[in-house]
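Take a look at this one chain, the form predicted alone, written out in structure tokens.
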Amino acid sequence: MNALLFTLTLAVYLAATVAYLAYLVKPREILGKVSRWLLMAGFVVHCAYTVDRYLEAGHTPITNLHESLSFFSLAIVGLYLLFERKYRIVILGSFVTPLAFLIMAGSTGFPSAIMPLNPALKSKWLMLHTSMAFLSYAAFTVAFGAAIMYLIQQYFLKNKKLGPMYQKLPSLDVLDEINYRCLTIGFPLLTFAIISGAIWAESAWGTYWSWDPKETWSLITWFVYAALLHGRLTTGWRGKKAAILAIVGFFVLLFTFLGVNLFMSGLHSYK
């Protein structure tokens, strides 16, 4: 059942991605509705897959790269659907949904077998710490999508290329607002994830902070987004500068999440 739900999730996400990309080419209302319903269906099946794996494993299914990538994708889709409902900007899905699909597809490259839980992970903090971290990652992913759209739209305006693509994209003000909203959601969640991780580390390893590669890069990620939030609140950073830093932050985040696990060893290396 677990394998079937995973395959079905991947198939529906692929269909939703194709539909959103088709909407980007030809933004018709019916395509927008089909895209949204497909993504919602995929999200429901993905939730079922996650719950089924939880019941089989007996713990939060987020303890290896296969499970983590799947949960990351789930968080992105769930948060994006909330943003689409609030802002009614279907075309944002053309930039976010492919990322969610690629992350989910990437999970197939890692072992999916349910293994005994590492002793260090047997804690009440597991679900809280990891879910907060991935929800923050999801918020920053949506911000990344909005930032890419912002730079494209600004290019059209700067070069006075007000053609079909320009007409399809939201205004710069709306895209900048989405970027900011994602930051105000993601940054507190990331902060809580780091603090809860430090508390968990003290109980598991006897120290709050050991400068493990994952801890170090998590702190770097935090500083990047802290700089962006500080700039917005104190010096009025908006527009292109904020969009570029949101993109930089997303790539730092990807390395923190994936690169550290693949290329560095440490206490957090659970592949």
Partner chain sequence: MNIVVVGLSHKTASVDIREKVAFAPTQMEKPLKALLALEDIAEAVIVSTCNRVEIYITTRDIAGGMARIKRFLADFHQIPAETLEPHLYTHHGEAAIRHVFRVASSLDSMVVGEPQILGQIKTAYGYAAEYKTSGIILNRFLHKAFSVAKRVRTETKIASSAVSVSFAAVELARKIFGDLSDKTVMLIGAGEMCELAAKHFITNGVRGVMVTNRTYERAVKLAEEFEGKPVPFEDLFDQLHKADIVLTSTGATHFIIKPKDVEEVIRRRKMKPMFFIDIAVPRDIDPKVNDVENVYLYDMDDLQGVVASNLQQRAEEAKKAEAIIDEEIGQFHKWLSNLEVTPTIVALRSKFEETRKAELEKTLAAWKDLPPDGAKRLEALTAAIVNKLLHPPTATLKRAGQGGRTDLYIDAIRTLFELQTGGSEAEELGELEE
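Residue numbers count along the first chain shown, from 1. Everything numeric here is computed off the predicted structure, so don't read it as measured data.
Only in words, not in the display: the form predicted in complex with its partner chain, which the text now covers.
**Q** Taking its partner chain as it sits in the predicted bound form, is residue 207 in contact with it (heavy atom to heavy atom, 4.5 Å or less)?
**A** Looking in the predicted bound form, residue contacts with its partner chain do not include residue 207, since no heavy atom lies within 4.5 Å.
**Q** Just to confirm, residue 203 within 4.5 Å of its partner chain in the predicted bound form by heavy atoms?
**A** Flag for residue 203 set to no.
**Q** With a cut-off of 4.5 Å between heavy atoms, is residue 199 one of the residues that contacts its partner chain in the predicted bound form?
**A** Heavy-atom contact with its partner chain at 4.5 Å: absent for residue 199.
**Q** Taking any heavy atom pair closer than or equal to 4.5 Å as contact, tell me whether residue 166 reaches its partner chain in the predicted bound form.
**A** Yes, residue 166 is a contact residue.
**Q** Does every residue of 160, 172 and 241 put a non-hydrogen atom within 4.5 angstroms of its partner chain in the predicted bound form?
**A** Checking in the predicted bound form: 160, 172 and 241 are all within 4.5 Å of its partner chain.
**Q** Give me the residue from 153, 130, 94, 107 that has a heavy atom within 4.5 Å of its partner chain in the predicted bound form.
**A** Among 153, 130, 94, 107, a heavy atom within 4.5 Å of its partner chain in the predicted bound form occurs only for 153.
**Q** Within 4.5 Å of its partner chain in the predicted bound form, heavy atoms considered, which of 44, 30, 233, 51?
**A** Here the answer is residue option 233.
**Q** Among 34-42, 57-65, 210-218, 233-241, which stretch sits within 4.5 Å of its partner chain in the predicted bound form, heavy atoms only?
**A** Only one stretch qualifies here: 233-241.
**Q** Could you list which residues of 61-89 come within 4.5 Å of its partner chain in the predicted bound form, counting heavy atoms only?
**A** Residues within 4.5 Å: none in this stretch.
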